[in-house]
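Structure 1 and structure 2, given next as structure tokens, are two forms of the same protein chain, each shown alone.
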Structure 1
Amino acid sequence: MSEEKKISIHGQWSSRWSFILAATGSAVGLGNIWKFPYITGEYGGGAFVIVYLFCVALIGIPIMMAEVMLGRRGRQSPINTMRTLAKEEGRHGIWSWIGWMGVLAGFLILSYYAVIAGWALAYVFRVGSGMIQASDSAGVQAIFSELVSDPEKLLAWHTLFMALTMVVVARGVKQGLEKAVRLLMPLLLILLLVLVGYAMNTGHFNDAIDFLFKPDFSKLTAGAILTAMGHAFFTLSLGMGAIMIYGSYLPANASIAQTSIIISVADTLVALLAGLAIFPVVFSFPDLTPGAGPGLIFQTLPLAFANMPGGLIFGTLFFILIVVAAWTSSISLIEPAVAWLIENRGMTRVSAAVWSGLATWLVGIATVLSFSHWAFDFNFLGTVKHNGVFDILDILTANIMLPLGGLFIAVFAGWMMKQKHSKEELALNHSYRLWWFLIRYVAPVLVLVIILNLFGLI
């Protein structure tokens, strides 16, 4: 391979650590702090958490390694990377559809992700102004429903967040992003620990531990299993090309296995800490329930902050950090589309960012309305969902599109690619065989079984 082919036209991370930070920035986001607690609450706790952890270990980590590997070998947007690699392996060009489906998934996810990030942005000001300080749990719930039932307000916050995202995307992932993540990710971790420290003193910490880690397998419906697997993909940013494109900016000599494990462990840790911070608070207020849905953290964390010393400052800072965590994830959701527009449509980075941002913003309006005028209930495999289009988008992307994308990535890396090539990229000794076994058999079979089970086919 010639020297210039080894670097993506979009640039390269300055070191392996930059990649780890950026990929962790992508992985750690609303999925960990907002989504993990509320779906764990909806699906009954322990058993759901165990399935999720198994999925991270057996499906998530091997597929993350595969995505990074494919990205680094292809060095382009996921669509073109898959096309190039399929050609290199003598396979059909149809494999570039992994990239197309990923672009669509990223676009749909960002459309609702930016709306929820907008809530967090709104809360920076609600908590920061002291509005929450004097409230009891009824007051905090009222503040939340007042926000989400007002589409005009939501639209304003959604617009602001989308603009923030597109500014960074327009500047290129390396500038700004690297620096922001380096500082803010550790800060997020510290604040989460402060919150867990508070939660330990609520008198309900043990209830939370029981809820999160004591499995009651009778609660494990087909919907719970599918959601747990879908969440493993969502939280690790897998199955749509985000990690693939970040991998395409990875220097050639970095260890793919090590970095993937570091990222996955960090991501899982943040989710569990968020659970440990939130559920003790839920259990200490009788009118709060674990199954409160997407509003869960917005109805519980403010209460914790209202009651702890220094809560005003900690609370404001914490919501700022949630926004930043969401920000570094959003960027990776749209980056595959932007890179493709630059490569194939000859756009500048700025116009690619503007056009994809506008399109995403527009679709996001459906989510904005899902919490008021367009709200409707439906039954998802025995669990009632209340927020119409938002829930449908979430189920479609996280539970169907990402696992399918991941399945095809696993099949390509495990079955279509010559073993010599994956060996060369991964540069592992003994553990190569373990990865090989997981990517060829375990990950694809598990994904298939879980999806087929859903349709009652197994």
Structure 2
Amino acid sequence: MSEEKKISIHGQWSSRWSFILAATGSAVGLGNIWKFPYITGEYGGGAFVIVYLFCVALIGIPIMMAEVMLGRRGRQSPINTMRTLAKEEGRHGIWSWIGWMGVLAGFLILSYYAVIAGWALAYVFRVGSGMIQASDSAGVQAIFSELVSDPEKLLAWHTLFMALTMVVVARGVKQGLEKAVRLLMPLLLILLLVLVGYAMNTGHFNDAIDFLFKPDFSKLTAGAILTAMGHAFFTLSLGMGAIMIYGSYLPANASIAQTSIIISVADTLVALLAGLAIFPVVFSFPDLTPGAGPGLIFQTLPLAFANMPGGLIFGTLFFILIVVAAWTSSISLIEPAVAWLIENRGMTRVSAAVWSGLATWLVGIATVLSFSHWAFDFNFLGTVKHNGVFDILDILTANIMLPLGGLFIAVFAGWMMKQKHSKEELALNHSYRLWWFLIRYVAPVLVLVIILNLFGLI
């Protein structure tokens, strides 16, 4: 490895803990706040958690180690990293398409993710102002419907969230990304713990513990196992270029294996804490259901907070929590594109942030309109989707691009890369053989199973 590759031209994390905070921030998002707790309860509680952790160990951690390893060895944007590494390994330049697909996936995900994050930003003010408290169930639903069906309001919140994202990214690795995650990740944890403390006083905390952790192996079906496999992959931000670009800023002496394990554990703990914060509130009202998905956050949960002591304060804190989780994810989604513009177009970081942010914002307008003027129905594998471009982008990225990206990363790291190079980066002793076996044989097969299952082929 040449000296000039030991530090990225974009900068470097000051420590491995900065990388851990940043990568965990990338992994923690809206899915942790509602999806993981819900599917855990739906598929057998503690039994599902055991299977999920098993899948994280077999799929998530090996592929995360591979993606971080590729990023640190290449020390460039995902596109240029894969081009450089393919040349170093004597492989065809087509492998650079792993980088292209990751950058494009992150760009497209942020274009609609920023719109949904804008909802949460809007609800900070709606809940904090007492608007929700003055409404009944029908009124709360009307507030949500009025927001998502008003393109001008959605565009305003979408614009504000994108601006918050690009301000951080424009400031660079140490002054922007690192400072942001050092502030936002502890804030996220503090907010979560405060909300868990609040939930402990609802009288239904034990119900939430049973819902999340009591094993019910009768619900552990083949579908539950496939769900655990899929979520283990998607929740760690794999295959979208974010972990690869963050890995390119990782100090050379930091352990890739240890950091990957810590990030995976932290991501799971945040998801479980979110469940302990949400479900005691939900169980306080017999007519509320924990399986309401996004509607749980924007319709039923605000109503629950409105009818509980201190609900205005803690409801506002809850939506601040969601905004923080979305913010730490969004800065990682656009960073690969910004890095590529700096490397290949000679832009300053500020210019690259502005142009990539503007492009993302423009594409996001299609999602803004997907809930009103541009809404249309279409059938995807037997399921009717109602929100046009938004659903198309979600399916294209989550169901196709990310799993393919993860699959190709595993294949390149396990089959295309020389062992002496992966050994050099991972610096493992006896455990290298375990990683080598998992990345070559286990992870690719399981990811392929996920892809085939999503399309009803198995």
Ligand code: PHE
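Rigid core (definition): largest C-alpha set, two forms, superposition within 1.5 Å. Quick caveat, the model's predicted, so the values are computed rather than measured. Reference numbering: structure 1, starting with residue 1.
Undergrad: Structure 1 or 2: which one is the form predicted on its own?
TA: The chain shown as structure 2 is the form predicted on its own.
Undergrad: Thr227: after superposing the rigid core, is there a C-alpha shift of 2 Å or more between the two structures?
TA: Where the cores coincide, Thr227 still shows a C-alpha shift between the two structures that is 2 Å or more.
Undergrad: Kindly check if the Cα atom of Tyr38 is displaced 2 angstroms or more between the two structures relative to the superposed rigid core.
TA: Shift of 2 Å or more: yes.
Undergrad: Could you check whether the CA atom of Met65 moves 2 Å or more between the two structures, using the rigid core for the fit?
TA: Moves: no, less than 2 Å.
Undergrad: Any chance you could measure the C-alpha shift of Ala47 between the two structures with the core superposed, in Å?
TA: Taking the core as reference, the C-alpha of Ala47 is shifted 9.8 Å.
Undergrad: Where the core is superposed, what shift in Å does the CA of Ser284 undergo between the two structures?
TA: That residue's C-alpha sits 6.1 Å away in the other form.
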